[in-house]
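First, one chain by itself in structure tokens, the form predicted on its own.
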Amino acid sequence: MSTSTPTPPTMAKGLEGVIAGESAICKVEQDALIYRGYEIADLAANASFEEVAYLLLKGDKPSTSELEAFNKILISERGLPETVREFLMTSGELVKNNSAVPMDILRTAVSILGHLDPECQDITPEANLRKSIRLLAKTPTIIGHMQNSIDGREFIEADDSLSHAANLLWMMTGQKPTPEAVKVMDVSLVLYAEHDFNASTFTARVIAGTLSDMHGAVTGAIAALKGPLHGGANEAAMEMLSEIRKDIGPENDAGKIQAWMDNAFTTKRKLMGFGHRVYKNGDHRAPILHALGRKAAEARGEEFVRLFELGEAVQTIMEEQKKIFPNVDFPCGMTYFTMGIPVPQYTPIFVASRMSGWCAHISEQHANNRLIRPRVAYTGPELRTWNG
């Protein structure tokens, strides 16, 4: 009787190229990004963020009546418990004292919401859907109150007449956004809503795979998204462009831009907003957001057009000399800056969008669960004895 030797597990650093599970939510390919059967350019051109959130959470495009009911629930759930509001009142001081950044505040606020949600420990599909909607609705309120605290203003309350994107801008600034600004924000939320097993979504699914609760899984996802190699890349990309502008001066001198980039290449500096683990020939979302952002810059004035021209020069050098293309975070940084959004809030705004994708994945993991437990390639010492 012969016995077969088990095939050793395959090792891939960073799990690159590894298929770690199945999902009906999103398909990421070289030539397409698809949410539940709909391509991203189609959604960006024709669907609102609320419609996309419904699609991700419930699986199908909503009818007119279904969307109306969904929006009604979203609007009704925007308010925050007093305990969370009290915490957010302290966020300005926490940020100003350099002990926290906005993503930390948002992470803690979501964790507190878990303590106060009566269905927190219930991971049935029905409870998960209700919690998903509550989290999606409350995230812009958290971001808005946080920014109000940082700015030293009274909390601005949600406006029930405004969409998800418009209300987010209103609560952060206290100014009713223009239709053009709302369109840019809405499309950016659509573009950021979902992206299969990215780092934060995979984190959420690993946590959900232990049968932990949705609030806990989302809290972990926020912590993962904070990093500059993931969601924080949009902030880092804008900070990089600001550094280039400071170093070369206000004019986009081609020679100075090339010299700055040559130095970055020589010193092996990581240039944020470029490259992608999956997209080797360019991120499908980047040109969509770039076009909208540049249009907004042209409406605002020469200063903002020059920012986009600088970004375009950097992008051209990266593409021609390194064959590396921008991901969506590169135009996002320039676009949000043009809209007057504080740089530290770029990644929290990402959360206001990706919450829909995270919650869809958490619910999917709970519904068809298997504990996610990979192996490791041990690189430590050979076997030795303690008293040897």
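We number the residues from 1 along the sequence you see. None of the values given here were measured: they were computed from a predicted structure.
Not on display, but discussed next: the form predicted together with a small molecule.
Contact with the small molecule in the model of the complex, judged as any non-hydrogen atom within 4.5 angstroms, is confined among 223 to 231, 149 to 157, 300 to 308, 136 to 144 to 223 to 231. Residue-level contacts in the model of the complex: of Arg85, Lys96, Lys280, His115, one residue has a heavy atom within 4.5 Å of the small molecule, and it is Lys280. For the candidate set Pro177, Gly216, Gly92, Gly275, a heavy atom within 4.5 Å of the small molecule in the model of the complex is found for exactly one residue, namely Gly275.
Though the partner is left out of this view, Asn327 does reach within 4.5 Å of the small molecule in the model of the complex, counting heavy atoms only. Heavy atoms of Lys295 never reach within 4.5 Å of the small molecule in the model of the complex, leaving it off the interface. Residue contact check for Lys270: one or more of its heavy atoms lie within 4.5 Å of the small molecule in the model of the complex. For the chain shown alone, Ile123 is not a contact residue for the small molecule in the model of the complex, no non-hydrogen atom being within 4.5 angstroms.
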